[in-house]
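In structure tokens, one chain follows: the form predicted alone.
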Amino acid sequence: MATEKIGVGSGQRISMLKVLNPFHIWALGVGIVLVGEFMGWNFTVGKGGAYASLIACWVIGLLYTCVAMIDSEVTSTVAAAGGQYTQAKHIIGPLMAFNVGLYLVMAYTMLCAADALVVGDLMKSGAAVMGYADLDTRPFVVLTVAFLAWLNYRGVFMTLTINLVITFLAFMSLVVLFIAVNPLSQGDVLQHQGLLTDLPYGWIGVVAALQFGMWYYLGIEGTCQAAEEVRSAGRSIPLGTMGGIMTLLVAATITWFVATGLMPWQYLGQAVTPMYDAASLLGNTNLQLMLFMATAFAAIASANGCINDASRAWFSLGRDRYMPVFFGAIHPRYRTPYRSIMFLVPIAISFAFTGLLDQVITFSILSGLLGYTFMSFNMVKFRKMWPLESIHRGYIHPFHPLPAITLFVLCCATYFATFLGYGASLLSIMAFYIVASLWFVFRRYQYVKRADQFTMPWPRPKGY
């Protein structure tokens, strides 16, 4: 196995194993996101009604399709752990790279905390059915994060193979539910004609719904974090990412169609577990049990993928000295960034223990949104610095620069939507990243060796 010098006199570091294929990439991307089809997306209904939710589903679906196309091109070319952070490091510069790395770590760590909260709440709901109404959820939060951290510690192949199985089962539960409501016969089970109303809050409700519309797809960009561990980045990243976004578009549309045909928008907009509620309305005990288990599987798969992605981003920051080099270590046996994995565990648990699910989700959404905004500029500069004929690309996304422009416009609209509902959170998160940037410039940048960061064998950028 190839080795490389750490560069600080502390010996050698073993590289991560290249063991993943396109199915693992699909499992990583879809696994993180699919929990949003079981809960969270329905807050779009509360913001603007059922039709606003559908518009948000497709508009934000377009945003994430642009994200998937851009990521597929750049990551299949810049194939290294860190994903968007590594892209920023090569294409824009250190300060942008530090911020993008921090966006990734915070987005996935917050999402992991939210997933652990969901698992705890599910266990409490199940216990209440059996007569234990006062069950403490905190042990389940700790157990979930600790077990998944151990799984990630032991190896990426086993971690993402498990994700593949439980993600597929969770997705198929949505398909089974769709078939169970007899979708071709309106009025037998589904009652869209009676339940669907006009936009109750007008078009401003549609705009407000864009914020939680991200919950349908948030995290698909995490496929980039596995770029250093796939057998063929030029094949696996595009296939897994584009296949993932297509899967999620189907799942999101099924979810909306079933839920809005069974529940009035006033209830659906504030439901905690809408798809489980939908199964309960059908009066089929087996279907209820299936959706309960599928919701748990989706939350566990999401938390599992989040630990994987957050640790790779934090590892990359450590390897390049943007954070202490201590975190840039690989386990000699399991070939995983074990120090980064263990470091992020107490942080995720601490945020989960706050119990502030909406605030944790908002922090995750906004951190992701900042990363998507960067991608629109990054793609334009990437094509300008290294035109198509100058370097080999594993995938070339079509219609450039239209996807980058579309992505930027939709990001701006989503910022406005977030400001309408969580203005204080938006401003506080922006302040946090500004303070972090100042810390990097004045305290951490002195340790960064710029010449060691450019690992791609590319020609000199055009115009330089």
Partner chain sequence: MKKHYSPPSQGIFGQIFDSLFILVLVYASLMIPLLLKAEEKAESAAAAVQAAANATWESLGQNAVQQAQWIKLGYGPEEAAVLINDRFDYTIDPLMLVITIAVIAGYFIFMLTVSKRQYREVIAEKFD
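Positions refer to the first chain, counted from 1. Keep in mind that what you see is a predicted model, and the values were worked out from it rather than measured.
Not on display, but discussed next: the form predicted together with the partner chain.
- Message: Only one of these stretches, 170 to 178, 358 to 366, 243 to 251, 114 to 122, has heavy atoms within 4.5 Å of the partner chain in the predicted bound form; which one is it?
- Response: Of the options, only 358 to 366 has residues within 4.5 Å of the partner.
- Contact residue in the predicted bound form, from Thr159, Asn99, Thr137, Gln288 (heavy atom within 4.5 Å of the partner chain): Contact residue from the list: Asn99.
- Message: in the predicted bound form, is there a heavy atom of the partner chain that lies within 4.5 Å of any heavy atom of Lys18, even though the partner is absent here?
- Response: Although the partner chain is absent here, Lys18 would stay clear of it in the predicted bound form, with no heavy atoms inside 4.5 Å.
- Given that the partner is absent here, does Tyr433 sit within 4.5 Å of the partner chain in the predicted bound form, heavy atoms only? Yes, Tyr433 is a contact residue.
- Query: At the 4.5 Å heavy atom threshold, is Ile166 in contact with the partner chain in the predicted bound form?
  - Reply: Result no; Ile166 lies far from the partner chain in the predicted bound form.
- Non-hydrogen atom contact Leu402 with the partner chain in the predicted bound form at 4.5 angstroms: The answer is no: Leu402 has no heavy atom within 4.5 Å of the partner chain.
- Query: Relative to the partner chain in the predicted bound form, which residues of 433 to 447 have a heavy atom no more than 4.5 Å away?
  - Reply: Residues within 4.5 Å: Tyr433, Ile434, Val435, Ala436, Ser437, Leu438, Trp439, Phe440, Val441, Arg443, Arg444, Tyr445, Gln446, Tyr447.
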